[in-house]
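There is one chain below, alone, in structure tokens, taken in the form predicted on its own.
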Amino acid sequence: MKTLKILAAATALTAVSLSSAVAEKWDMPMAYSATNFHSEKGVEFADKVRKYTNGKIDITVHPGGSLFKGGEIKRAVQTGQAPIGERFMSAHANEAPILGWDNLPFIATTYEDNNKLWAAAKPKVNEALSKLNLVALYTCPWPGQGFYFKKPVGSSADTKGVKFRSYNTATATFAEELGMIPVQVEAAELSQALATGVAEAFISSGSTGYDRKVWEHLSHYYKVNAWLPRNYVMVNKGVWDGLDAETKAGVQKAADETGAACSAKSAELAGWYFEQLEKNGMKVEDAGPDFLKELQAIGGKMTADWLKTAGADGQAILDAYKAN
């Protein structure tokens, strides 16, 4: 009998040990290609999480919209279809206007200023995300945004009627103000949209142009540096709240390190992308004075419109940014 009790106790202990050793598996959908630096850093993040949680959390990254398309990722994380995912933050500005903080044209056009703006926005953004059942683990900026066209453009006189790929409210507004026709196209579908004529132009960083080999369809890139939009890695709030303190600390450590590394990589690649576009036959140049003046006027109107929708919280972000 004594032997049986010892065996039973040993069996129970083994069962508990095995249970605690089983990793919690998380699928992490990402919208951009596996070779994009955001996706590459996502893989590094997953590796760090495994290391810093001692294997308690095992994340599998699914880039290129392969698990959920870009526009589906936030909802999938909100509803628990996926515990974690990545999306660019301003894509959700329609639902929570404060999330459009990073698409204010010509407010913060350098990495240093963008970091200051994020520091000012972070508390308000986190409040908004919490109401959406989300927690932001880390963010990472894209290089500055410029315009891609298949012809020379000197002003809005050259953009009338052009089908313009938009990815959020801000880009659609730019299109409409310049007399273009906004069409919603995800990054993973951009090459096909350009090839079939669904889209003829767009605004983005050099990164998207390089990733999608847009020189096969377009000829001109105008450096404007209108804003540095941010992607963010989000986790379902219920899942996050369910983690023990030690595991949370490990995940957050991985997130903090990855966010810093991703931002540094973005800055490192910004000029390199332009070199690659030129190498493949595109003409890369600063926007002309007439075009830039029009863009800046539109930008001022967009910021004013954003403040109307974001209210006191939006003004607080800009005030805090300017104070620094």
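Here the structure is a predicted model, which is why all the values come from computation and not from measurement. Note that residue numbering begins at 1 and tracks the sequence as displayed.
Just so it is clear, the following notes concern the form predicted in complex with pyroglutamic acid (PCA), a form of the same protein that is not shown.
Requested in this report: Decide yes or no: are S33, S39 and G70 jointly within 4.5 Å of pyroglutamic acid (PCA) in the model of the complex, with each residue judged by its heavy atoms?
Outcome: No, the whole trio is out of contact, none within 4.5 Å by any heavy atom.
Query raised in the report: Looking at 159-167, 236-244, 172-180, 96-104, which lies within 4.5 angstroms of pyroglutamic acid (PCA) in the model of the complex, counting heavy atoms?
Result: Only one stretch passes the 4.5 Å heavy-atom test: 159-167.
Query - Contact label in the model of the complex: A187 to pyroglutamic acid (PCA), heavy atom within 4.5 Å - result: Output for A187 is yes: heavy atoms within 4.5 Å of pyroglutamic acid (PCA).
Query raised in the report: Heavy atoms within 4.5 Å of pyroglutamic acid (PCA) in the model of the complex: does S205 have any?
Result: Within the cut-off, so yes.
Query raised in the report: Counting only non-hydrogen atoms and a 4.5 angstroms cut-off, does Q145 reach pyroglutamic acid (PCA) in the model of the complex?
Result: Although pyroglutamic acid (PCA) is absent here, Q145 would touch it in the model of the complex, with heavy atoms inside 4.5 Å.
Requested in this report: May I ask you to check whether Y138 falls inside a 4.5 Å heavy atom distance of pyroglutamic acid (PCA) in the model of the complex?
Outcome: The answer is no: Y138 has no heavy atom within 4.5 Å of pyroglutamic acid (PCA).
Query raised in the report: Taking pyroglutamic acid (PCA) in the model of the complex, which residues of 88-104 have any heavy atom within 4.5 Å of it?
Result: Residue within 4.5 Å: F88 only.
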